[in-house]
Ligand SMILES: NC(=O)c1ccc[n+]([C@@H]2O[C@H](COP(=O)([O-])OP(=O)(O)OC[C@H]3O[C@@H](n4cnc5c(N)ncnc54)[C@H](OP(=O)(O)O)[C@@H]3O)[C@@H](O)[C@H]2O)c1
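Listed next as structure tokens is one chain, alone, in the form predicted on its own.
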Amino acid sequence: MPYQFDQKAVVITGAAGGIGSELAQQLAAKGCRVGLVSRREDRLRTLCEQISAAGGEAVYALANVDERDQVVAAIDTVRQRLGRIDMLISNAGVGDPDVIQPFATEKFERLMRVNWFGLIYSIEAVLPEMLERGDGYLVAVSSLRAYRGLPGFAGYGASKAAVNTFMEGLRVDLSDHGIHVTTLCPGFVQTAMTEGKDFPKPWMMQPDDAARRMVAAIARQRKVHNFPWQLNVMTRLGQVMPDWVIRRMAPRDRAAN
């Protein structure tokens, strides 16, 4: 049976632009009451106004997702205004390329703080009430890069692999508690994260298209949704390709960036 969106309260992190903004608008159009979390107040305010003008309901709260106290406080603010939280979509993320010469540990730390711990903090803020009532939905936006370590983006891929592995285990842990868990793994999406990045981006999607596919996967309560299918096939092939093939396909200047 498809998931019923009408009147569900949904928290979306990283909602100020790109996929997050599109998810907020599309879910509001389906009758969801959306709570927007990001650090960009100007964009959140504008998005709330747009959703309200279209007949939807939206509230926002500010937080840097790599700050635990801020995330918990922001989601609590949304809860006070919308009531119980039915769904969390942990969408916030960064995609910084690797810097290995010199080796930039701080970049890898940032990737893990935002992409991995940001997810953990968000789940911490909603899971206790979901467990108490035996109902809820946890959604994480990951990436196809989680499936294969690639030159130039080993750190990003590792952070998303952590997301996938955690959500996989959590899905089993929560299966007897009435809580659904979905991991969404898109390919390339035209957002600020991909703009100006000098590497191939086959089957690039627009944010509204990516969000539509995500909403459809959530409606079907998919465990994992990898898309687009063409890039998913290439990714699966990449898992068994020898290193020399991957090296030839990678940009030559990656190690110095």
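In this text, residue numbers run from 1 along the sequence as written. Just so you know, these numbers come straight off a predicted model, no measurement behind them.
Omitted from view is the form predicted together with the named molecule, to which the following refers.
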query: Stretch in contact, per heavy atom within 4.5 angstroms of the named molecule in the predicted complex, of 126 to 134, 73 to 81, 170 to 178, 155 to 163; finding: 155 to 163
query: In the predicted complex, the residue from 232, 50, 191, 26 that sits within 4.5 Å of the named molecule by heavy atoms; finding: 191
query: Contact test in the predicted complex: residue 119 vs the named molecule, heavy atoms, 4.5 Å; finding: no
query: Interface membership of residue 100, the named molecule in the predicted complex, 4.5 Å heavy atom rule; finding: no
query: Contact label in the predicted complex: residue 94 to the named molecule, heavy atom within 4.5 Å; finding: yes
query: Partner proximity in the predicted complex: residue 89 to the named molecule, non-hydrogen atom cutoff 4.5 Å; finding: no
query: Partner contacts for 139 to 162, taking the named molecule in the predicted complex and a 4.5 Å heavy atom cut-off; finding: 141, 142, 143, 156, 160
